[in-house]
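Each of two forms of one protein chain follows alone as structure tokens, named structure 1 and structure 2.
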Structure 1
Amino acid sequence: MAETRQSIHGQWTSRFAFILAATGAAVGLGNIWKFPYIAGENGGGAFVLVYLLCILLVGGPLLMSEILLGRRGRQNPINSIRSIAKDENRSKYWAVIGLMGIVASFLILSYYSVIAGWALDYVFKSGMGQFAGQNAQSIDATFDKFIANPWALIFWHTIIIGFTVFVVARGVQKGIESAVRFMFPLMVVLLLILVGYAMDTGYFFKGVEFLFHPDFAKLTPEGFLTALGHAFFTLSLATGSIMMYGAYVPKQSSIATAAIWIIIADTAVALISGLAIFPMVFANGLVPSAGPGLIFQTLPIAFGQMGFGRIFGTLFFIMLVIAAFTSAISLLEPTVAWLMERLKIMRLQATIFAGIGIWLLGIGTVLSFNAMPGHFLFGMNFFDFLDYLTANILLPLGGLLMIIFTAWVLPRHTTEDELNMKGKVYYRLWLYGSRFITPFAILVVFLGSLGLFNGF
């Protein structure tokens, strides 16, 4: 029965370790690379407000649901959901949620690792002083030349996957937990150093104003959709990663408290990253709305012009690599757990198999920037296609099914028990939010992302 189920993969040493690992999974390229540029593209403050609302109404309830399912099932996402459904005499086909999660995590890691590889390359570019005194054209040319070379991208992609495999193969406590325990605090220290540097530019309050002064005229319907989609991505929801990490949580820990800490930490890192990045952008007369190139093109120009830019630029990219790495390990875990349980193989073998598969798929993303820039499917190149398929389809659909399964399909006493919230008013808040608000909000994004609201 659910109460006595144990994970064959191990357990965190404490609830704190879980919070750290899950926050490490949540904080990544999404917070430091993506959040600032989508905020920049969507006009800043008003977008940030909508994003915070999405985190609260969709992210929070779903994060609790996913941890709950993981801890109750204590297996890979497919088997966890199948067992829970069986315990409660519900259809075993709900396990499709777990399957979608595993597929999403596999696909996301294949391109996530390539982008994390760019950041790793930029640690060296910055460290060797390649940005010093350069102008916008020459920095753009450096970036274009870099991504045009498939061998360079494959090299860094291999290193990222290699290290990810190395850590995950060592297991939950010795691998994932010990890596996150020193990496996450280091990342936070680097971030704070960079904010201090940004304060020194004299443009800090321009950054604050950009992020927090809402100008609703700049908010488009797509901005809403982007904000909700990002709430999923940034909290690592619906990929099975959080479910796996939840499977290793000790029984007595409070899920709600853990979820609150993860959300606070993830949101704080996104906002603080914005406060580190935008003042540097403004101080150097650059534009905040450069899109995905904000970090790899705009920011190096700023570092190239600023005092001690070489040191702080290097620290910035080291921070980005660490943040991405603690997310990458969480993305590998669902496939590894599934292979171990399904094929009854050892963790080492499972990790190597999964790593090879993901590495191979990543080559498709690498080639999207050089040899295969043309259309792969539906007018998109391979990377854009994977990004679209995961962020706009698999995550929202998986999240929608997951919230329906936990809040509508599972009996109340089961969720109340697993959340340790018997008779608490917060339980009802979670339940009614999860039943009536979260699914509708997700539905709006999902239909919106399919273009159904175009023309409104």
Structure 2
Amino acid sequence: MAETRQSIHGQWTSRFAFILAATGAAVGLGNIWKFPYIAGENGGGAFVLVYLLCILLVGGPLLMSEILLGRRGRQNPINSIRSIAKDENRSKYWAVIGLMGIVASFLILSYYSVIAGWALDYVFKSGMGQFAGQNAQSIDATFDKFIANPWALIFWHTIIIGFTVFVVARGVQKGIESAVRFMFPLMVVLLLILVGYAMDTGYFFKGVEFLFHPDFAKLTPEGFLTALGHAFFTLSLATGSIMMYGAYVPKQSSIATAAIWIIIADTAVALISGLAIFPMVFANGLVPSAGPGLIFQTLPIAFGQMGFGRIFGTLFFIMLVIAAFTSAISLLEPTVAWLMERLKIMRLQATIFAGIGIWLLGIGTVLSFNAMPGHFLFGMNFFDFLDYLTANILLPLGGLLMIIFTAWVLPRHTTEDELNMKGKVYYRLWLYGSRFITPFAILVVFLGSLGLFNGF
């Protein structure tokens, strides 16, 4: 029965360990540059309020659903949903949700590791003082020269994949849990040190105003859609990672409480990142541009012109690499668990097989920035195609099917039991939101990601 099913892969030692691991999965490169920027550009505090509402109505219910499915099934995402469906006499084809998650995590890690490799390279560039006294043109030239060298990108891509394989191969407790117990607190400490550094720029309150001043005039319908979309994507939902981590959660742990802490920690890191980054940007008369350009082209200029910039720039990129590593670990685990269960092989073998496959696929992303920048499919290069496929198709569609399966297909007594909310008003709120509000919101995200609202 589902109530006595145990994971063959292990279990977290505590709820706190799960919260750290899941938050590490959620906090990645996007939290550091994307959220602070889109908040500032869309009304600051007004956007933050809308985002918090969206994450409660969309991210929260879906996060709880994914943890619920993982703990109920105690296997890889495909087998978990297939087993749950069988227990409840539902169609086995709902397992496609798990398949979409595993495929998405595999594809995302193949290009995510390449971008994470950029950050690792910049740790050494900053540490060796390559940004000192450089202007925008020379910084841009450094970045362009770097990504034009496929061998350099392959080298750092290999380092990222190699370390990720090493951690995941050691298992749930000795590998993943031990790593996040060390890396996530270290990332937070580094982030707070950088905030302290930003306070000394003289532009700290300008950064605070950029992030938190509520300008409702800037909060357009596009801003609402942006808040809704980020509330979905920020928690690493529908990649199979959270479901896989949920499979290791002890039965007595409260899913709702864990979900709340994950949301709080994820949002806090994003906002604190903004407080660390934007005062430095404004202090040097730079533009807080969105995207990787902020990290690899704008900030190096700031660090190169500020006192002790070499030291704090290095700390910043170390912090960025840690954020990338904790996400990479979570993205590898679903494929490893699937290989172990499917092929009946040991974790070490499964991790090496998965790592090699992801590494090989990542070469396509590497070449997208130099040798093969032209069209690959549908007018996109290899990297852009994978990014579009995962972010615009697999994740929102997988999330939509997941919430429908959990809230509409599974019997109420099953979800009520797994959430440990029998007879509680909180359960009725979760069920109502999961049945009506969350699916509608994810559908809006899905259609918006396809560009169907452009021009409205």
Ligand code: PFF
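It should be emphasised that the depicted structure is a prediction, and the values quoted were computed from it without experimental measurement. Heads up, when I say rigid core I mean the largest set of C-alphas that superpose within 1.5 Å between the two forms. Please note that residue numbering is based on structure 1, beginning with 1 at the start of its sequence.
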{"property": "Structure, 1 versus 2, that is the form predicted in complex with this ligand", "result": "1"}
{"property": "Flag for Tyr197, CA shift 2 Å or larger between structure 1 and structure 2 after aligning core", "result": "no"}
{"property": "Gly229 C-alpha relocation of at least 2 Å between structure 1 and structure 2, rigid core basis", "result": "yes"}
{"property": "Did Tyr427 shift 2 Å or more between structure 1 and structure 2, C-alpha, core superposed", "result": "no"}
{"property": "Core-referenced Cα shift (Å), Tyr51, between structure 1 and structure 2", "result": "3.2"}
